[in-house]
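First comes one chain, alone, set out as structure tokens in the form predicted alone.
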Amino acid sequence: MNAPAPSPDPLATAAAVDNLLLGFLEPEDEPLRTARRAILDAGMPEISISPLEGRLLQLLVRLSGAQQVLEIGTLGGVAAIWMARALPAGGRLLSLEIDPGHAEVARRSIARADLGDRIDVRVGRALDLLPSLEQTGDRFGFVFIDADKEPYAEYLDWSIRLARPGALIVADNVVRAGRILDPAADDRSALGVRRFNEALARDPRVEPAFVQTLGARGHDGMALARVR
């Protein structure tokens, strides 16, 4: 029997491919599924990383050899759970979240995943919390940026300053369905991401790369950078 013809809609096709690829892998377990349900139940935005992206993040954390991970933007804790599971014994993940309600949902999901001893969720504006990490000498082997987009360039600068040599920085949502193409667009998120991309590309402290993504979450992308 012949396979069905691909859909003429690229996004529909990409979502179907996501589902096919997910079928080759172990499904998300109950703590991750529960974390996603908790986000829905709390009326939070459904913008968590996909299961495929979670696996990618987990692999990148493991390959980086990081003992300490910094996450800027917790939401409901899905990405934190994926990444913390890749940490070695004694490893720690610090996640910064501006919304106290989101942080509480994340903490409950993290506890259900039995990762409360590995993940610390701190509440506050990231640009207010990050300087204190520099003052206390915290240094990270992996940083994941997935928060409000306007200050992405500032998050990048702090991530580099707080990173160990050789650390990996990953930023989500750096394509914005192509809206970064227009430097005069009336879209502060897209403009913030474009400014981040430009800053990443010219910063001598890092080796950058960009990857476009197309899948169930639409057209977007990730930026990756190794700290020199």
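From 1 onward, residues are counted along the sequence shown. From a predicted model like this one, the values you see are computed outputs, not experimental measurements.
Below, we turn to the form predicted together with S-adenosyl-L-homocysteine, even though it does not appear here.
Is Arg107 close to S-adenosyl-L-homocysteine in the predicted complex, meaning a heavy atom pair under 4.5 Å apart or at it? Because no heavy atom of Arg107 falls inside 4.5 Å of S-adenosyl-L-homocysteine in the predicted complex, the answer is no.
Given that S-adenosyl-L-homocysteine is not shown alongside this chain, does Asp148 nevertheless sit within 4.5 Å of it in the predicted complex, heavy atom to heavy atom? Asp148: yes, in contact with S-adenosyl-L-homocysteine in the predicted complex.
Is Asp99 close to S-adenosyl-L-homocysteine in the predicted complex, meaning a heavy atom pair under 4.5 Å apart or at it? Because a heavy atom of Asp99 falls inside 4.5 Å of S-adenosyl-L-homocysteine in the predicted complex, the answer is yes.
Tell me, yes or no, whether Gly124 is in contact with S-adenosyl-L-homocysteine in the predicted complex, where a contact means a heavy atom of each within 4.5 Å. Yes.
Location of S-adenosyl-L-homocysteine contact in the predicted complex, chosen stretch of 134-142, 112-120, 70-78, 84-92 [non-hydrogen atom, 4.5 Å]: Contact criterion met by 70-78 only.
With S-adenosyl-L-homocysteine left out of view, which of Ile47, Ala185, Leu56, Ala42 would have a heavy atom within 4.5 Å of it in the predicted complex? After the contact test, the surviving option is Ile47.
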